[in-house]
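For reference, the chain that follows is the form predicted on its own, supplied as structure tokens.
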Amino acid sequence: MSFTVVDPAPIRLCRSQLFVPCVRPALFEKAANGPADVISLDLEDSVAPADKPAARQNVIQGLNDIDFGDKTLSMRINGLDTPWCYRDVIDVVEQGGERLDIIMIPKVGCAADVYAIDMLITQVENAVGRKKPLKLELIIESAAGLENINEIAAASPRLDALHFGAADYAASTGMRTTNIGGPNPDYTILTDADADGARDIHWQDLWHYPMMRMVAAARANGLRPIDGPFGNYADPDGFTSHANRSAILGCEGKWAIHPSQVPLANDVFTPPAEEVKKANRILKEMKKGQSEGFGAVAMDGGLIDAASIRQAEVIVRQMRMIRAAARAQKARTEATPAKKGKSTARKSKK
């Protein structure tokens, strides 16, 4: 390991991050009672300009009135280039109590963007005496954001996670695609002809480069890399394929823009049972080996060592959190009446 040690972000379970439009406050309680690990109250893309003030009030009332249990609660504010951003921060931090965990900044283009929101949060927290410091998560979704990603990922001690937003990134770079994640039939390579003249077409991942840069920058700075949306929520197979690719690249979770995507993400980002079993065996065998003075031991015809311990500990710790979340979800479901009353959060004016 490097002599320079980076402190990792606090441990969280973030297999699925469900976005809830804040113009529909009745969905807050449904999300709170659902299986998503993280709930993102969205003030940005899912809210029309005329509804921004009312949506912000919905967030404030929801934070004060609704029991979100142990779920991580995030809020996506409007961009720094809009007239709503500063009020999103000031009003919610001043009036929303202590329940909010993270503020998500969209379209981050440089480290100064992070500094600006950090400064604003710090001033409001100090003014109201907030006891739990808010964390920040950032969406990398522009050419500038990707170009400046290393400075962005080190911009504040509040940082918790980096996310990749495919749609805005595609628009920013002029990509010829309207897909929100997923493949494109024109982004392929053609093999050389075989003896009979036949050629095969292989689809390529047009998001691979920005995703890998985002993952590397996040991990280098102790942050969680999270994959963004898959737009076609009527395609569960496509979502699962996209999520599997994200998991292999190192992401810890994925957005859900529809409740049907939450269990798919939870399944993909839950370690397979065989991997959990193997991780527990590694810890057991290494503990035994170390007690006998060995730094590495043989298991199943291969060598395991200190690096194996670190890998195994990650899996075992994650499974503990997943099981705890499942127990909490079951208890909450059993305690929730079959027919709920209307949410007390204020409805948006139409």
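Quick caveat, the model's predicted, so the values are computed rather than measured. Heads up: residue numbers just count along the shown sequence, starting at 1.
One more form of this protein exists, namely the form predicted in complex with a small molecule; it is left out here, but the text below deals with it.
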Practice task
Flag this candidate site as yes only if Phe19, Ser46 and Arg76 all have a heavy atom within 4.5 Å of the small molecule in the predicted complex; otherwise mark no.
Solution key: yes
Exercise for the section: Quick one: from Ile257, Val89, Ala166, Ala161, grab the residue that has a heavy atom within 4.5 Å of the small molecule in the predicted complex. Expected result: Ile257
Fill in the blank from the handout: The one option of Lys288, Lys30, Arg317, Arg310 with any heavy atom within 4.5 Å of the small molecule in the predicted complex is Lys30
Problem - the small molecule contact at Arg332 in the predicted complex, heavy atom, 4.5 Å - result: no
Practice task
Report yes if any heavy atom of Tyr233 sits within 4.5 Å of a heavy atom of the small molecule in the predicted complex; otherwise report no.
Solution key: yes
Handout entry: Interface membership of Asp37, the small molecule in the predicted complex, 4.5 Å heavy atom rule
Key = no
Practice task
May I ask you to state whether Arg12 is within 4.5 Å of the small molecule in the predicted complex, using heavy atom distances?
Solution key: no
Exercise for the section: Have a look at 213 to 221, 77 to 85, 258 to 266, 123 to 131 and name the one stretch with heavy atoms inside 4.5 Å of the small molecule in the predicted complex. Expected result: 258 to 266
